[in-house]
Structures are given as C-alpha cells and as structure tokens.
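We begin with a single chain expressed as structure tokens, specifically the form predicted on its own.
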Amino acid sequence: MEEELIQIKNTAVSLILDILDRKTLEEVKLQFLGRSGKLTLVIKEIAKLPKEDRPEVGRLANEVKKAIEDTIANQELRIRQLTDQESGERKEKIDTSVPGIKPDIGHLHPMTQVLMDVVDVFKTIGFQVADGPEIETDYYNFEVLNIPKDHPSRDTQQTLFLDTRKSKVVPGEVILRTQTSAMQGRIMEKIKPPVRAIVPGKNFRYEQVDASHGFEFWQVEGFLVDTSVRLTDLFGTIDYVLRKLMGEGIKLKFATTNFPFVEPGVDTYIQCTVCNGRGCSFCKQSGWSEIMPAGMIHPNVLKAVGYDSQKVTGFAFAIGLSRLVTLRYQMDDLRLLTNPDMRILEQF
C-alpha cells in the first residue's frame, strides 16, 4: 500500500503543477481528495491492514494528503496571480487615453489597378468586357484565327500542351491558351455584328524569362466588327486609349508587321518610360517598347465565325497588360509584378 500511496502522490502533484485554470484544478482535487477520490479510497482500506502496520501507513497517507493539498493551494495562488496580471494587461490595452494604433490595410495589386483603369477607358467608348477559359482548344486558339496546324507562326507561340493521356481527347488538342485572341471566335459565333469587346486574361507560353518577357503574362484582347471599319479607326482607338492610360505626353509609333489573323498588321510602340527613350535592358537598348500588336481582322477569321466579310470589317488588338503596368510605373523588370516582396507591393 505504501507504493500505491507514493504513486498517487507523484501522479497528483505532476498533474496539478501543469494546470493553469481553476476549473481543471477543482476537477483534479475531486479526483484525488473527493469522496470517491483515489487517495480517499486508499485511506479507507487502511482499516483492513494488520494493527502493527496501520500507524506507519496512516502517517504516510497523511503526508501524501498534505502534499497534495499544499500543491493545490500553491497552484491556486499561481493561477490567481496570472489571472490578475492578464486582467491588468487587458485594462491597459483598452486605455482610451492612449493613442490608437492604425491597423495595416491591404490594397489592390498594381496589375489589378491598371486592369480596372483599362476596363473603365474601354467602357467609355462602348466596349463590353468578356472572360474566357485559360485551358483552351487548339481550334479556337489557332485555327479560327487563320493559323492552320502547319503554319510557321505556331513555332513562335511556344505552346504549352496539356497531358491528355488516358482520355478521349486527341493529343495536342487541349492547351494553355497562348493569347486571349482565342475568345474572338467564341464571342463572334454567338453575337452578330456590330460587336465591341475586350477580353482581359492570363496567357501562357514556353518563353525565355527576362526583364520584359515571362512564360505567364496578361493581355487585354480587344476587337470591333461593324460596317465600314477602317485602319484609321484602329489608329484612333489605340491613340485615345494609350493616352488616357499613360498620359497625353507619351510618344507612340506604329510599324507594319505580319500576323495570320490580321491584314494588314501593325505593331504599336511606346517610348520606354523606364529610360525615357535613351535605351535600357527593358527596351533592349532601343528606346521603344512594343505594347500593342494589332491590325484589321483577316477575312478568313470573319468567315470562320459565320460573318460576311463583304459586308463587315473589323480591327483587333492585344494590349500587353503586364508590360503596360511596368511601363506605367517605370519598373525595369516585368518579374517584379510576381514578386511577393511587400517592400515592392506597398509602393503601389
């Protein structure tokens, strides 16, 4: 019985010293000292021992009981002190005489801020906003846009294909879209002319990442189809939009280019705002940055979606949104937009 009493004492003291709230302490007290407590039941068994053993076991039982009671009393005092300390700290925290601490409030990412500005500008000139899937089919991403499977321009797109093994999909038919232009076909198949739409979204290409290129980037595709749409309408729209977004003092220039889905095709360049046209790593030392490829929609694209290319014409463009953001805020590296460093993001 002596061993049992010592075991009860060690167990009880160990439990009590770990308790930091009064309710649990009271439960442990009852567990050992209550009417049906472990120590109480053992003490009742002392009467069954031989007479010569009872005095020694009784003294040990009393020592165990006193040790448990003293430990409980000390722990109650400790809990009371901790409670008073926490209460005092809470009173200090709500002291109305102390100036308040302004909490940190987040804000929109610079990409989102510029995108909202782009949408607002286009809405003022009658464009609607559409959204589309980032996982796209080869048909809408290429074929509707007059880019057949053997067209050499596909090599420049560096397409990322989805693994369609163990599925019914033909290999190579499902991709991550390389351009938001893929939405041209989807929209024009459902809407008869006139139509004005922009499509902001993320695109993916297997490209070498550098200061002005990324494998993941944002575009704002836009197109307009109506009767008597001319190339000068495209130039006027581009000039108006970019000056609203970048300021009236920006310098623009256009150059002819070749894209399968437009004829003729043009490239829009903006004087590099990072170096003010002097030449830097962002603009590849040219002083100019390509910002918006565009052109008149190719008749084959209009025919592919069921439009009569003899009655309607249209133009299309694709704003490089990621590049537009970096130029607007004079960043020298497009990768800063995906950098989670708060020292960068807090500046916007």
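Start at 1 and count along the sequence shown; that's the residue number. These numbers come from a predicted model, not from an experiment.
Omitted from view is the form predicted in complex with a small molecule, to which the following refers.
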{"property": "Site check Ser289, Ser322 and Thr326: each within 4.5 Å of the small molecule in the predicted bound form by heavy atom", "result": "no"}
{"property": "Proximity to the small molecule in the predicted bound form, single hit among Asn146, Gln179, Thr273, Thr268 (heavy atom within 4.5 Å)", "result": "Gln179"}
{"property": "One residue of Ile68, Ala316, Val28, Ala61 in contact with the small molecule, assessed in the predicted bound form (non-hydrogen atom, 4.5 angstroms)", "result": "Ala316"}
{"property": "Contact flag, Tyr140 vs the small molecule in the predicted bound form, heavy atom cut 4.5 Å", "result": "no"}
{"property": "Contact of Arg205 with the small molecule in the predicted bound form (heavy atom, 4.5 Å)", "result": "yes"}
{"property": "Distance check, Met188 to the small molecule in the predicted bound form, heavy atom within 4.5 Å", "result": "no"}
{"property": "Proximity of Leu302 to the small molecule in the predicted bound form, heavy atoms at 4.5 Å", "result": "no"}
{"property": "Segment assignment from 124-132, 111-119, 165-173, 218-226: heavy atom within 4.5 Å of the small molecule in the predicted bound form", "result": "218-226"}
